[in-house]
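Starting off, we have a lone chain in the form predicted alone, written out as structure tokens.
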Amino acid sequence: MSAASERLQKALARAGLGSRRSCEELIEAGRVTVDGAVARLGRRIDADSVVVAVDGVVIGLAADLVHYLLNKPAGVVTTADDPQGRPIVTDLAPGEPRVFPVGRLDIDTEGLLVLTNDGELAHRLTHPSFGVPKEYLAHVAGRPSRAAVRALRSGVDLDDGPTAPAKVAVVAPGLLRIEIHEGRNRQVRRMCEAVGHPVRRLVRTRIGPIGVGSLRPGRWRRLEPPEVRSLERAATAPGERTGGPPPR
């Protein structure tokens, strides 16, 4: 059976939205759209060429999509190729199918990185209009004062403009938990330096709803379908969401 002859409910079930029957119920309830139009039960689709959404959340349905979570160690470059021959993040994950890093962590920054061949989700996770939060632990020089923390929370002036307000908590002296959703180049490092506390070590601990858990530095794991669905929901602009409970 070709991809073009696949029934919509089968594609949804394959992507982890539930059993075939529960996916049929989603369609019957009018909660599924194909290219913006409400789908009807029995619709056949080419999963590689249509945009399918459940309750306004775009769902990746292509059969060859893979989503990996990597705990990047320091000294590895966030790219799929490096002319200087340095270690790259794609060397730490399976070689086939070919995947690309979502966003960028500088060579000295550690922590969570998504690797995928899902271009739509990658775009949504990185574009600032979708506002997907990323959380970091920043070990900084000195002990940030209350004024410095307030400045980070309010937004600081950088050479490319003021930052949006960040969520900041003091975990321990010299250790900050910082959540941002903009993703500018070396943003957390530049923010901390702007308030007088340069970063000594930086670790990304969470992307949207996905945390580091027990994943060790240098290791990867495949994201489970419910985790992919949670990232898709996190990467949905408020105006795109419609009623109904979230897809499973």
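Being a predicted model, the structure only gives us computed values, none of them experimental. Position 1 is the first residue in the sequence shown; the rest follow in order.
Quick note: we don't show the form predicted in complex with a small molecule, though the next part is all about it.
Colleague: Which single stretch, out of 211-219, 58-66, 38-46, 179-187, brings residue heavy atoms within 4.5 Å of the small molecule in the predicted bound form?
Modeller: Only one stretch qualifies here: 179-187.
Colleague: Give a yes/no on whether residue 120 approaches the small molecule to within 4.5 Å in the predicted bound form, heavy atoms considered.
Modeller: Judged by the heavy-atom cut-off of 4.5 Å, residue 120 is well away from the small molecule in the predicted bound form.
Colleague: Can residue 109 be called a contact residue for the small molecule in the predicted bound form at 4.5 Å between heavy atoms?
Modeller: Although the small molecule is absent here, residue 109 would touch it in the predicted bound form, with heavy atoms inside 4.5 Å.
Colleague: Whether residue 140 contacts the small molecule in the predicted bound form should be assessed with a 4.5 Å heavy atom distance threshold; does it?
Modeller: Output for residue 140 is no: heavy atoms all beyond 4.5 Å of the small molecule.
Colleague: If we define contact as a non-hydrogen atom of the residue within 4.5 angstroms of the partner, is residue 114 a contact of the small molecule in the predicted bound form?
Modeller: No, residue 114 is distant from the partner.
Colleague: Could you check which residue among 202, 223, 52, 207 gets a heavy atom within 4.5 Å of the small molecule in the predicted bound form?
Modeller: Looking at 202, 223, 52, 207 one by one, just 202 meets the 4.5 Å heavy-atom criterion.
Colleague: Please tell me which of 127, 98, 153, 104 lies within 4.5 Å of the small molecule in the predicted bound form, judged by heavy atoms.
Modeller: The residue from 127, 98, 153, 104 that makes the contact is 104.
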